[in-house]
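As structure tokens, one chain now follows by itself in the form predicted alone.
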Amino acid sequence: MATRGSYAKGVARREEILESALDVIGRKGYQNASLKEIAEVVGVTPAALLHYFGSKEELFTEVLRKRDEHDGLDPARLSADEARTAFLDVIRHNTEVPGLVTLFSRLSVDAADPEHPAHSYFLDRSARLRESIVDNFGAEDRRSTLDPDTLARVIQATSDGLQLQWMIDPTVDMPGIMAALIDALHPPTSPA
């Protein structure tokens, strides 16, 4: 029984670390979020953080997974128009957490290396995102002139690219541009 209790405490501590790291990175930015500061918020040492995650890169990869959980976008239960709105809401929310957008963008570049701890996260996340776009703007729905897979890649590439532009110039209207693109590629069933 002691093992089970220790395991539960370890899981709870890991979640506490992730929530704290998510908050610190969201507020202070990726470059200003040190392991030391995250550890201080949780009340552990930087070495203890590495006990739970192995490396800074693994911690930051898990922070992105946690961010995805918080976004709570479950497109499988949404119509195309509801999915469009939910996707744009996530993009709007991203403008409130620039540190997480920077973390995502930087790790995505580093994760091009198959040996990087975030490599499989980005492959899986990209596949799930494209699948949800295909499901919501599906093959049977012919409002778009693009095939669903191409549509999904265009939406994903534009979203990721807009994040980079926004990081350089915060006046870039990410949600507005994405809404215009989605409407052009896949017109809504009712006026937006």
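One rule holds for the numbers: they count along the sequence shown, beginning at 1. All values reported here derive from a predicted model rather than from experimental measurement.
Keep in mind that the form predicted in complex with a further copy of the same chain is not shown, yet the notes after this line are about it.
Residue contact with a further copy of the same chain in the predicted complex: residue 12 places no heavy atom within 4.5 Å of it. a further copy of the same chain in the predicted complex comes within 4.5 Å of a heavy atom belonging to residue 123. Among heavy atoms of residue 55, none comes within 4.5 Å of a further copy of the same chain in the predicted complex. For the chain shown alone, residue 157 is a contact residue for a further copy of the same chain in the predicted complex, at least one non-hydrogen atom being within 4.5 angstroms. For the candidate spot formed by 105, 169 and 180, every residue has a non-hydrogen atom within 4.5 angstroms of a further copy of the same chain in the predicted complex. Out of the listed residues 97, 83, 111, 91, 111 is the one that sits within 4.5 Å of a further copy of the same chain in the predicted complex by at least one heavy atom. Proximity to a further copy of the same chain in the predicted complex, defined as a heavy atom within 4.5 Å, singles out one entry of 41, 50, 164, 134, which is 164.
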